[in-house]
Structures are given as C-alpha cells and as structure tokens.
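Quick setup: one chain, the form predicted on its own, written in structure tokens, and binding and motion questions come after.
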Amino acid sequence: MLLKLLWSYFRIGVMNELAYRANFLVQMFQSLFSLGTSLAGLAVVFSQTSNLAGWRPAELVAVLGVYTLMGGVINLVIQPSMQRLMEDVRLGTLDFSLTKPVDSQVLESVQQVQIWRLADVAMGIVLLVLALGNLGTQVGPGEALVFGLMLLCGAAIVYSFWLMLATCSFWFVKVDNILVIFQTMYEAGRWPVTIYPGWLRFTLTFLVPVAFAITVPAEAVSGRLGWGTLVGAVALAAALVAFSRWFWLTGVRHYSGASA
C-alpha cells in the first residue's frame, strides 16, 4: 500500500515539475552547485592537511556522499510531506486524510514529492562509489548489508524526528521555526560529528540525530563502525519509530478540524 501511494504521488510530482520545466532546471543547477561547493571545501581542507581528526580524504567523500544521499531522501518526500501536514492541521484540511480508507500517517507521510531531489540521491550514490574506489575497500555482501541497514535506520530516525516535530502542530500554531533549526543543524552533517567539540557532538547525536543519519552509515561503508554503535542505531530507530507512531495517534486525538 505504501509503495502504491508513493508511486501515485510520484507521478503527480512528475506532472507538476513538467509544467514548470525552467524551475526544474534551476533546481538541478542548484543541486550541482551545492555539491561543487562542498567538494571545493574538502579540497581546501586537504590542501593543508592529510587527514581531519583521523578521517582521510576518501572517507570524507563517503561522508559527503551519505550526506547528499540522505538529504535527497529527506527533501524528496519527508520534508515536503511534513510541511504539508503542518499546513493541513493549521487549515483544518487534515479531515480529507482522516476520512480516507488508508492509514492517515502513511497518507500524510508521502503526500508531497519533489522529484528533482532524485538528482541528490543519484549524486550521493556516485560519491559513495567514487569514495569506495579511492579507499580500495572490498565491500562484500556482509558490509553492504550493514551499510544498507545503517542507511535504513538513519532514514527511519530522521523520518520519526520530522514526524514528531510536525505532530507538534496539533498543539502549537507555528512550528516552522523548529524545522528551520533542524535544517541548520543538518548542514553540520556534511562533516563527521567526531570532529566537533563534545557539546556539539552530543547535540548532533542525541538531540538532533544527525550522527545516526550520516556519520554512522559513513562509518559502516568505510570500515569504522563498531558493533556497539550498530546495535545502538538499530535500537534507537526502533524506539523512535514506535514513539513517533504513539505521538502521532495522540496528536490526532487532539485534532479539531474544519468539520469539528
């Protein structure tokens, strides 16, 4: 059901973007420019040093690859859908989702798709492939499975975090500023969280889960991941998915829509 809904909204997103092709090209250029400036930043850093807090150039390219890939997933469907959810709550139009014969959380989570963000996903994959080639790392089925699992856990953690923030709109009129804070903190994820001072590392790990979304998958693909971190990431993802589901259902019970 989820994949069917996502495919339906994906097709709608395609038709919307084709109606404004110039905008599509501008957004593609923006993505390429952002990637170019990030790579230029890495080049500047490694023109002065051979490693950054123990991270080699190819490993930081892997971090940037995961950052670009995860950012593409977030901006493809998570962020636009959560912003639409907050608008639906504010305007009272969430009624249309609650009265449909589909789980309302699922429907609200995939209702908005920005297809041009698939370019970010593709660029992230290319960066990861290049990083692996430079590292000379032999990625077997086991390593690929661990990386895929960490990437899935990271996506689940970020989705749950966004859902909880958006669900706060059931009680608060305006929560957009909170989302802006998350987006700002996410920018720090283009670098491994281990390079930051202790207080910021704690913030990016436990308050805003950037570390689990980006650094941990990058550690998996570069051979740095320990079993303790792996188990912790899986446990955190499961806990946040369950809690965000409970929080959503609690919010829905407090919802007063246009038909109330």
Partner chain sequence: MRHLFEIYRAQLKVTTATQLQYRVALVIWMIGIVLEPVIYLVVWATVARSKGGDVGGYNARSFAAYFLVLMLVNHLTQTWVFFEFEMRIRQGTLSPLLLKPVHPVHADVAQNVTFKLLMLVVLVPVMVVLALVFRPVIHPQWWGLALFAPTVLLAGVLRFLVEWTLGLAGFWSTRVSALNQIYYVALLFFSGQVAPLSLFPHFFQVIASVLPFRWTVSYPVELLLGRLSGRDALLGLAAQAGWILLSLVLLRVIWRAGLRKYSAVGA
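Numbering follows the first chain given and starts at 1. It should be emphasised that the depicted structure is a prediction, and the values quoted were computed from it without experimental measurement.
There is another form of the same protein, the form predicted in complex with the partner chain; it is not shown, and what comes next is about it.
Chemist: Of the options 130, 149, 91, 185, which one has a non-hydrogen atom that comes within 4.5 Å of the partner chain in the predicted complex?
Modeler: By the 4.5 Å criterion, the partner-contacting residue is 185.
Chemist: Under a 4.5 Å heavy atom criterion, is residue 191 part of the interface with the partner chain in the predicted complex?
Modeler: Judged by the heavy-atom cut-off of 4.5 Å, residue 191 is in contact with the partner chain in the predicted complex.
Chemist: Taking the partner chain as it sits in the predicted complex, is residue 226 near enough to touch it, meaning that at least one heavy atom pair lies within 4.5 angstroms?
Modeler: No.
Chemist: Does residue 232 reach the partner chain in the predicted complex if we count a contact as any heavy atom within 4.5 Å?
Modeler: Contact check for residue 232: no, nothing within 4.5 Å of the partner chain in the predicted complex.
Chemist: Just to confirm, residue 177 within 4.5 Å of the partner chain in the predicted complex by heavy atoms?
Modeler: Within the cut-off, so yes.
Chemist: If you check in the predicted complex, do 37, 45 and 195 all have a non-hydrogen atom within 4.5 Å of the partner chain?
Modeler: Checked in the predicted complex: all three residues contact the partner chain.
Chemist: Quick one: which residues from 52-68 get a non-hydrogen atom within 4.5 Å of the partner chain in the predicted complex?
Modeler: Result: 52, 53.
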